[in-house]
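Encoded as structure tokens, the following chain is the form predicted alone, with no partner shown.
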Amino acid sequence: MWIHPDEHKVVGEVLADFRKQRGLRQQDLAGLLGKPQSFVSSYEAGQRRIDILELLRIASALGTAPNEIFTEIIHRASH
């Protein structure tokens, strides 16, 4: 495996922080995405990988530019 499981946790933590900064619950974001709450919960916990298209949809639902999310993921993953 070329991606360490801890890196998925970083992605999930970043996305959870962006969601919380917008005052959204997991249920709220799931509704915006047309997904079950468990979808949001599993990727925020680092238990589910998300692909680039899902990340773009999540960023859009959060009203965030994808590059802001990528920058924060890179920042946290490099420390």
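All values reported here derive from a predicted model rather than from experimental measurement. A residue's number is simply how far along the shown sequence it sits, counting from 1.
Below: the form predicted together with another copy of the chain, not depicted.
A.B. asks: Heavy atoms within 4.5 Å of another copy of the chain in the predicted bound form: does residue 16 have any?
C.D. replies: No, no contact at 4.5 Å.
A.B. asks: Indicate whether another copy of the chain has at least one heavy atom within 4.5 Å of a heavy atom of residue 50 in the predicted bound form.
C.D. replies: Residue 50: yes, in contact with another copy of the chain in the predicted bound form.
A.B. asks: Against another copy of the chain in the predicted bound form, would residue 62 count as a contact residue? Criterion: heavy atoms within 4.5 Å.
C.D. replies: Because no heavy atom of residue 62 falls inside 4.5 Å of another copy of the chain in the predicted bound form, the answer is no.
A.B. asks: Contact between residue 57 and another copy of the chain in the predicted bound form at 4.5 Å, heavy atoms?
C.D. replies: Residue 57 belongs to the contact set for another copy of the chain.
A.B. asks: Using a 4.5 Å cut-off on heavy atoms, what residues in 55 to 79 are near another copy of the chain in the predicted bound form?
C.D. replies: Stretch hits, in order: 55, 56, 57, 66, 67, 70, 73, 74.
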